[in-house]
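This document opens with one chain alone, in structure tokens, the form predicted alone.
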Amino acid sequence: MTKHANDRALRFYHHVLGLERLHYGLWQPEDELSLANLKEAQKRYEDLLIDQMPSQVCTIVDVGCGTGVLLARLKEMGFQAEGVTPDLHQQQVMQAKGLGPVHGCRFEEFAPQIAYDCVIMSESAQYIPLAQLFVKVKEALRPGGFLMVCDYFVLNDVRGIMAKSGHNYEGFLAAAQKEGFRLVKSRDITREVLKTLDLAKTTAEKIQLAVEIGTEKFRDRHPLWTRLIQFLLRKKYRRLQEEKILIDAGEFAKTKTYQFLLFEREGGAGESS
């Protein structure tokens, strides 16, 4: 088993915020911004994946399976489901839940022992180099099997920090077609995920305010130390200011698209709706 470090961000979401699911979620227009509603939105997102599962599917591998909530539901429904994650914390959580088999590696390193009916990539496709993604999926998937992707993509002509996370959307579709994957279903859910960013921005602003209030006395009593600390941390602070755009819902909507995509690998009899 390949060992990889714990992802601190995922541990924060799981242990501090109490989130079992680690994806954006699907919000309804009337939902108010709250952690409780985020949890409901995340379950709704998961329901979408399950509802769109083709009837021919029995064996599934969930790539980047988080803390195993979707994996557990799939098993409860009778699917033969396995997970892939390089994150040690996630592996430990799923082992404690008895959710094996879970393969502790990156998808690029995964050595499938069977040909699965479906590969699920829920916010994990963006982390896999495009040159390797579809090649590796073909190793894991039987002819006529399905690749289910739910993730955000970068739109054409986007530059700068917003272009660094996510594959180019048109490039992703072109690569899928080139490697013999036919798009059979799609749904643009961009508008339905934006409230997660609004909630993240509101939470970040509250944390920043709490830090400012908590350090106010120190800053008043030690202005020289304060200036020295600000000088030493200036690059990190500037980077944090620049990265605020990453949780700006308006910028996300202008530069990215969040898509549910279901592909069928060539060689099967066709997907029945």
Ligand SMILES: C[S@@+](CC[C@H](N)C(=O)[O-])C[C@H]1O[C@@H](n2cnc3c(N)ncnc32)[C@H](O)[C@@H]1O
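Remember, predicted model here, so these are calculated numbers, not experimental data. Sequential numbering from 1, following the sequence displayed.
Just so you know, the form predicted in complex with the ligand exists too; it's not on screen, but the next bit is about it.
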The single option of K195, R106, K136, H167 touching the ligand in the predicted bound form, heavy atom within 4.5 Å: R106
The ligand contact in the predicted bound form: L99, any heavy atom under 4.5 Å: no
Interface membership of R265, the ligand in the predicted bound form, 4.5 Å heavy atom rule: no
Y127 within 4.5 Å of the ligand in the predicted bound form, heavy atoms: yes
The ligand contact at L22 in the predicted bound form, heavy atom, 4.5 Å: yes
Among 154-162, 168-176, 182-190, 87-95, the region lying within 4.5 Å of the ligand in the predicted bound form by heavy atom distance: 87-95
